[in-house]
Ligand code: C2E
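What follows is one chain in structure tokens, specifically the form predicted alone.
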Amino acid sequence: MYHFEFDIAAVCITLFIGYYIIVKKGVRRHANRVYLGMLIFNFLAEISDIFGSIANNNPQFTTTAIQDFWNYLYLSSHNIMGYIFMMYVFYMIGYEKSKRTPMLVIGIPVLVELVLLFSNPFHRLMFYYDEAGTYLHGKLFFIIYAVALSYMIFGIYLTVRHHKGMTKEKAYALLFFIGITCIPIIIQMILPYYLITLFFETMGLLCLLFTIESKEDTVSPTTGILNRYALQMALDRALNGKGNILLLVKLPNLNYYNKMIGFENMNGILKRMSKWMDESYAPYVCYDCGRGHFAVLCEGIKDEDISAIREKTLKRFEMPWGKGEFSIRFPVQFGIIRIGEDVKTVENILMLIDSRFEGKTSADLDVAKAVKDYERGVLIERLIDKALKNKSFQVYYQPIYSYRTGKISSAEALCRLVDDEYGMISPDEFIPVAERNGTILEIGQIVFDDVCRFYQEANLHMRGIEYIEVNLSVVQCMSKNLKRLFDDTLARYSLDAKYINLEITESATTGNQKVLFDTIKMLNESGFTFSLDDYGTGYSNITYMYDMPFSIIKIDKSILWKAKDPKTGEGQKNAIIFLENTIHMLKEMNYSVLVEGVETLEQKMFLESLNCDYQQGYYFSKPVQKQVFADYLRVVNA
């Protein structure tokens, strides 16, 4: 008498899994489809095992043909499920389409089983019925158990061997499935009338559902396609294969469009874009990586197919997206990454996906340059950490000339990173990196401390230096401890805040304005004065100047060089008019004006004719170490 109560429970769990998958729409990748195949054949095996058991338990009330139908359906569907599970393991370890031969080879045992099974009416070696119609196993029925066990053992071998190519959760889930499936096979070989195999297999499928197949963390809620996390898992496998290509489709300036048409409308457009990509790039898998960045993982794709996808994408983006007043043409950046060749780590691939778009027109991503820039950034970050550890940052001083006194009246403190292996590292390189990783706070304090100590020890006030300009990063302005750190440093060197002028770039005023305003106001109340650097090159509105206590406005050298070229001495008429009127306007607003980039006597005389208050540039001196600066003052300010 066969006991099929566990089969009924298995059916209930299988229906729940099917419902969950339909609701979550989780059948997108090849592995998902294989999982669904396992679920379908498992369900067929459960139903046929139930009805087959009923028929086998009651041969007097049924016919041999009905018994054969259910028994053949159960054995064939159950055997095929074992093969499909092996396909699933192959997908998990990264074989996918590029490795067809192993998938064909592992199909040989189940093919032999099916041949023996469907030829059973002629030899009755798999199963048969006695005179009373009782279902009995034949002499070769053990082959079914042997093949099932061999698949499980081979699955364990593949999972253990290739565990580095997938996450721990995946490896553990596969091993759990294999383990929970092997246990009932062994039990049922001893107790064949207790049908528990399918129940345990269904529990294993449930485990796979919530560890690998669950879409809670792998589908973008905005676009409905696979997300960045799903791509990251796929890349772990793709890096272990060959010939895998990742195509990037990136929209620049997504924040601009969000503000222009609203998040809801933009999300609707992104959803239409992702649907088009998901359909157009099939059978390849499309991923939404966020911020308007999409990736398409292609396995075994040919170069001509890549070109066709590129042309198709660029052509589609020449047409508008959306409807009515929200119908917009979007520029697009298209990139081709040859995984394992151009890029060898998941980290670098994700970096390319996240890299900012330069420009507003459609263009192809320069993968080699982007990787080189990224690796350079990593190196700079390492050199910053090394310099902080070794206390090897240096502070240079560039003199500032006063038209009123005809002498050097101040200087700008500039941080320099000099490495014993890589030499001088430009501030344009290490300052942005330091701002991103937060080390600018420590660097800024090093500079401030050096300036205060030098001003006091060198007695710069008595040498005509009214103040030293110190660059203040917007990141420093976000620190709640900034004022306390500055006050402590000033107290340590018995220095008044009026001898320090804090310099803020114009681009900094486009950040968090409230925090910036509050910080500047607080420091100004403590006695610090402020300069606005790079005026004329940023995006800030002049109204910011109304609210901030700037005493000096520093005009960028690019404006001077257009008005008076340092090489030819000539200038553009409009640039001259702009510079003249800018200086006049700023002085009318009671600001002191400093012009950077002065390199010739002609430029110096030109600025003096405009009554420019201060000048800074190589004509007077390049940035120098403090001892050189002190010696320089003895000569020019004598």
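Sequential numbering from 1, following the sequence displayed. From a predicted model like this one, the values you see are computed outputs, not experimental measurements.
Keep in mind the form predicted in complex with the named molecule is missing from the figure; the text below concerns it.
Of the candidate stretches 117-125, 233-241, 338-346, 424-432, only 424-432 has residues with heavy atoms within 4.5 Å of the named molecule in the predicted complex.
None of 299, 503, 113, 450 but one reaches within 4.5 angstroms of the named molecule in the predicted complex through a heavy atom, and that residue is 503. With the partner removed from view, the residue among 289, 144, 440, 285 that has a non-hydrogen atom within 4.5 Å of the named molecule in the predicted complex turns out to be 440. Residue contact with the named molecule in the predicted complex: residue 398 places a heavy atom within 4.5 Å of it. Residue contact with the named molecule in the predicted complex: residue 602 places no heavy atom within 4.5 Å of it. Under a 4.5 angstroms non-hydrogen atom cutoff, the named molecule in the predicted complex lacks residue 293 among its neighbouring residues. Interface membership of residue 416, defined by any non-hydrogen atom within 4.5 Å of the named molecule in the predicted complex, is confirmed. Taking the named molecule as it sits in the predicted complex, the stretch 589-608 comes within 4.5 angstroms of it through a non-hydrogen atom at 596, 597, 598, 599.
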